[in-house]
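A lone chain, given as structure tokens: the form predicted on its own.
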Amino acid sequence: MLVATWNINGVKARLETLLAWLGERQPDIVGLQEIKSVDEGFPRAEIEAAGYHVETAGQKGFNGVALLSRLPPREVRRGLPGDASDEQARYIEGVWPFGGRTLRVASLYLPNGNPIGTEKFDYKLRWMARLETHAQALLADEEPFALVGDYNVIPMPEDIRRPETMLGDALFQPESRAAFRRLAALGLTDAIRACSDASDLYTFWDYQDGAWRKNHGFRIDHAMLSPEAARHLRSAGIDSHVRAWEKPSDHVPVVVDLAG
């Protein structure tokens, strides 16, 4: 089973790119982030015509997450537990049959948090604490699950081409990175790092300053697997070539292959 995540940076603007990638890669489940669309405005018909069921948690103009899948999910949850007042559309999870059991996949879009020293950074850290609590609850059920998405966290210096440029950025702050380590310390596996220790594995290149041409990227899109899912891990990779396509997102897909 191929499980993927991609910050699409506007699904309507990238629809042709998305459809081309779906045709090329043929993933089974895809978590999208930053769809920047309300639910009723999502280009459902075109994606369904490509063979995918669609579940969305949309928001007008920004944020928004979605799950695309070959089979309809058995259940769907929208919104990260822990704060009923949080109206930002950043989390959706579904459950699918998998190897005689089920596989839970969540698509998450973690807050950026910039600028640091503001409520935006505080919200980011609170959101990460809620994610950690939710992951603990899922782990207690001992089921295979994958938390995939744009975490807006650069875990280690080797996950960025030029660490010195991000020292004042929320994505690379000690608090953000520590929260990510706490999540991993629960027993979750970073699928990409489980398969490679290379220092040039990036998932994001800014549109500015020729970042793609210079390979000034960083890795902020992650697939975190529960122990039960990690046992099925065969490979994980980054479809970096998609960044060179016409009208690309500034992120590229991360794809995890799980043996069912």
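Note that this is a predicted model, so its numbers are computed, not measured. Don't overthink the numbering: it's just position in the shown sequence, from 1.
Only in words, not in the display: the form predicted in complex with the DNA, which the text now covers.
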Counting any heavy atom within 4.5 Å as contact, can you tell me which stretch out of 149 to 157, 131 to 139, 97 to 105, 71 to 79 lines the DNA in the model of the complex? 149 to 157
In the model of the complex, D206 touching the DNA (heavy atom, 4.5 Å): yes
Taking heavy atoms and a 4.5 Å cut-off, does Y202 contact the DNA in the model of the complex? no
Taking any heavy atom pair closer than or equal to 4.5 Å as contact, tell me whether I92 reaches the DNA in the model of the complex. no
Is Y109 near the DNA? Define near as a heavy atom within 4.5 Å, in the model of the complex. yes
May I ask whether K120, L171 and H251 each come within 4.5 Å of the DNA in the model of the complex, counting any non-hydrogen atom? yes
Exactly one residue in I220, A223, A66, A229 has a non-hydrogen atom within 4.5 Å of the DNA in the model of the complex; which is it? I220
Just to be sure I understand the contacts: of H216, H53, K36, R193, which is the one whose heavy atoms reach within 4.5 angstroms of the DNA in the model of the complex? K36
Looking in the model of the complex, the residues of 12 to 48 with a heavy atom no more than 4.5 Å from the DNA, listed in order, are K12, A13, R14, E34, K36
